[in-house]
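In structure tokens, the next block holds one chain alone, the form predicted alone.
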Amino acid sequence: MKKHPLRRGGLIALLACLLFAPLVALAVDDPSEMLPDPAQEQRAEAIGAQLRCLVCQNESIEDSSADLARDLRHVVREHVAKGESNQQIMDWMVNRYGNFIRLKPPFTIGTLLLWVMPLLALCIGIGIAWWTFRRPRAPTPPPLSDEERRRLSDLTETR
């Protein structure tokens, strides 16, 4: 009896899910890393959700399973346990890693340039295209005079 091709594909997908499910479970926090006070833990998670994983780039340190993210989560929890404010913890992280550590960087001249540069490049491109098409083209040469036509025909007939 011949097996249906979709059944085989479904079985392979199920096996792949079962094989990779433990890897997904590794991304979950280790309960021993969590703070004993639920309010402090929630504050630490909120702060960690605003910090970029420096390895994974667009993931917060709370979502990342990278070793550096785990270390940063530990640092955040240490600062929360010491009783520092959210702003003090964010300032400490920015002083140490720069504004890149923030998932939502503050509005500065640098970030303004990042947002405006594509529009500025588009305007410059449109300006160059407009200037190129508006520039007068080379004038067409005047028609040959009777004398020039006669001379041209003499030259072409002699060959």
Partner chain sequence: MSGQPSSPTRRRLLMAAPLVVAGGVGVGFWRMLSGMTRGSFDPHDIHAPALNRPVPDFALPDQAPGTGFSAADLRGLKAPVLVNYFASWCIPCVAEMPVLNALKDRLPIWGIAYKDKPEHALGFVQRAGNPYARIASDHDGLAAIDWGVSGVPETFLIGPGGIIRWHTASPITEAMITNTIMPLADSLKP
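Definition used throughout: the rigid core is the maximal C-alpha set that superposes within 1.5 Å between two forms. Model, not experiment: these values are computed from the prediction. Residue numbers count along the first chain shown, from 1.
Beyond the structure shown, there is the form predicted together with the partner chain, which is absent from this document and is the topic of what follows.
Spell out, yes or no, whether the shortest heavy atom distance between residue 72 and the partner chain in the predicted complex is within 4.5 Å.
Yes, residue 72 sits close enough to the partner chain in the predicted complex that at least one of its heavy atoms falls within 4.5 Å.
Just to confirm, residue 49 within 4.5 Å of the partner chain in the predicted complex by heavy atoms?
Taking the distances in the predicted complex, the answer for residue 49 is no, it never comes within 4.5 Å of the partner chain.
Applying a 4.5 Å heavy atom distance criterion, does residue 110 contact the partner chain in the predicted complex?
No, residue 110 sits far enough from the partner chain in the predicted complex that none of its heavy atoms falls within 4.5 Å.
Does at least one non-hydrogen atom of residue 115 fall within 4.5 angstroms of the partner chain in the predicted complex?
Judged by the heavy-atom cut-off of 4.5 Å, residue 115 is well away from the partner chain in the predicted complex.
Contact set, 90-121 vs the partner chain in the predicted complex - heavy atom within 4.5 angstroms:
92, 94, 95, 96, 97, 98, 100, 117, in sequence order.
C-alpha of residue 132: shift of 2 angstroms or more between the shown form and the other one, rigid core aligned?
Comparing forms between the shown form and the other one, the residue 132 CA shifts at least 2 Å.
Please say whether, between the shown form and the other one, the C-alpha of residue 68 moves by 2 Å or more once the core is aligned.
False for residue 68: its C-alpha shift is below 2 Å.
Large Cα shift (2 Å or above) at residue 46 between the shown form and the other one, core-fitted:
After core superposition, the C-alpha of residue 46 moves less than 2 Å between the shown form and the other one.
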